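The data below hold one chain only, encoded as structure tokens and taken in the form predicted on its own.
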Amino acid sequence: MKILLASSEVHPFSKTGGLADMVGALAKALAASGHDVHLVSPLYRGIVSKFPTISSANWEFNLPMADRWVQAGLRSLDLSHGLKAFFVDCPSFYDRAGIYHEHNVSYPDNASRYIFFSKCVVHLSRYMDWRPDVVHVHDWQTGLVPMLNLQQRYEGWSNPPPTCFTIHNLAYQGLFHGSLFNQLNASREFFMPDGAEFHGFLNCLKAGIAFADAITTVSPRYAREICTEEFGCGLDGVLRRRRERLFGILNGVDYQDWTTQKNPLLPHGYSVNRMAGKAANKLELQKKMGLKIDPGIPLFGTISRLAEQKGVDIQLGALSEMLSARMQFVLLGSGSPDYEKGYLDLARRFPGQMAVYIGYSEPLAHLIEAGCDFYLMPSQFEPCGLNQMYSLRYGTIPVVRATGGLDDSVVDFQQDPKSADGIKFHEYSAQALAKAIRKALALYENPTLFKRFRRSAMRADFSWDKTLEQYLRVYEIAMSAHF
């Protein structure tokens, strides 16, 4: 099958979160299984210096945006298993300090940046000699591609490829002033309540839901949740109307990157049968982050975007209470300045017990996953989540709120005592999270049970094999049910 994957970020080229990890891993898995896969993403600042073998693809874009024309080039890079990556080279749109924002302020022209990128994706799928059997696009930044594909029929393209649209987080919809619809140069019949229009605004995510041949989201439970008013973010109606085309597929993990053995990002390797390296990584993490070096203190960690969705408010409340106990906590993340200040203030209150790194570091992320005993993920809602899966593979017990993909991927003792690998709580409150932390501390004091949890965790399998089969079935559905 010829598959074109389009995303605003793809690991290892660009990344702000799980979207990049998922698309990069899916592309590798599809190519490794024998499919003919092309990736396309914007050429952001720093990509060429990091990957100097990127070369010109001898392709020029000159595309209309309302009453002006925008030009761009195309670059390419050959990857393993025949996978080919393309990058839309438009410096005025993408050569910036950040991907979507700077200093927590979104770029004011984000609508134009990703309308243009979506147009480039459609242009490639129509005019390249390599014609995709299916175009798989991700999140609001490419949500307009299915609609633009249909628009091409008005312009003489009799057989545009079917589209699959994946919702990674329904809360981020790409909502812009309705006048920006003009930059699509598309028929006004698409800007209707059952299409891209949302209370007078242009809604890029809604367009993807309305016009894609198949819709997926990143866990089975989240697919059910977003069809309800509570989790639907105003789009539950259109999602219910398209329910027969909506599929929940739990994300997979790239275990070549997230491995505890021969991993260049880990100081010490280890395995389910040889755990000494994990204990050594804990000491490395305590030293690096300025925590009291003590192998016997239970160490908790979080790697997160500091936003309300991630349960930051209840985590701050729970930590204020629980750091008086014998425990340590380390945070890697950035986001709301108020939340950043909240964590930094706590770290000053509890020196040697709590450490904070504002920003992101891939080596530190791996060290936290490997060095911690427990991983806190108290999300208000969570489409899938990947860090709880990384934690499981690294033998770090996840403490999660039972929502979305967290509920699908973690097994609590009450669910199955024999295969339990994590701790779940249900109520969204600091008190409920503090109670879950106390359960974790009690588990730590029971070495036999703690060891059993760790073994179950490290043997949990979220490899792409099973996930890939489900995506291929959805691609077949999209092709058979093409508009």
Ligand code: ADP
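Keep in mind it's a predicted model, so treat the numbers as computed, not measured. The first residue of the sequence shown is number 1, and the count goes up from there.
As for the form predicted together with adenosine-5'-diphosphate (ADP), it is not shown, yet the points below apply to it.
Residues of just one listed stretch (80-88, 280-288, 319-327, 302-310) have heavy atoms within 4.5 Å of adenosine-5'-diphosphate (ADP) in the predicted complex: 302-310.
Interface residue among Tyr360, Tyr100, Tyr255, Trp157 relative to adenosine-5'-diphosphate (ADP) in the predicted complex, by the heavy atom within 4.5 Å criterion: Tyr360. Of the residues given (Leu184, Leu266, Met377, Leu74), Met377 alone sits with a heavy atom within 4.5 Å of adenosine-5'-diphosphate (ADP) in the predicted complex. Interface residue remark: Lys466 is not counted as part of the site for adenosine-5'-diphosphate (ADP) in the predicted complex, having no heavy atom within 4.5 Å.
Among residues of the shown chain, Ala365 is one whose heavy atoms approach adenosine-5'-diphosphate (ADP) to within 4.5 Å in the predicted complex. Looking at Gly17, you'd find a heavy atom of it within 4.5 angstroms of adenosine-5'-diphosphate (ADP) in the predicted complex.
Residue contact with adenosine-5'-diphosphate (ADP) in the predicted complex: Leu124 places no heavy atom within 4.5 Å of it. Taking a 4.5 Å heavy atom cutoff to adenosine-5'-diphosphate (ADP) in the predicted complex, the contacting residues in 365-398 are Ala365, Met377, Glu382, Gly385, Leu386, Asn387, Tyr390.
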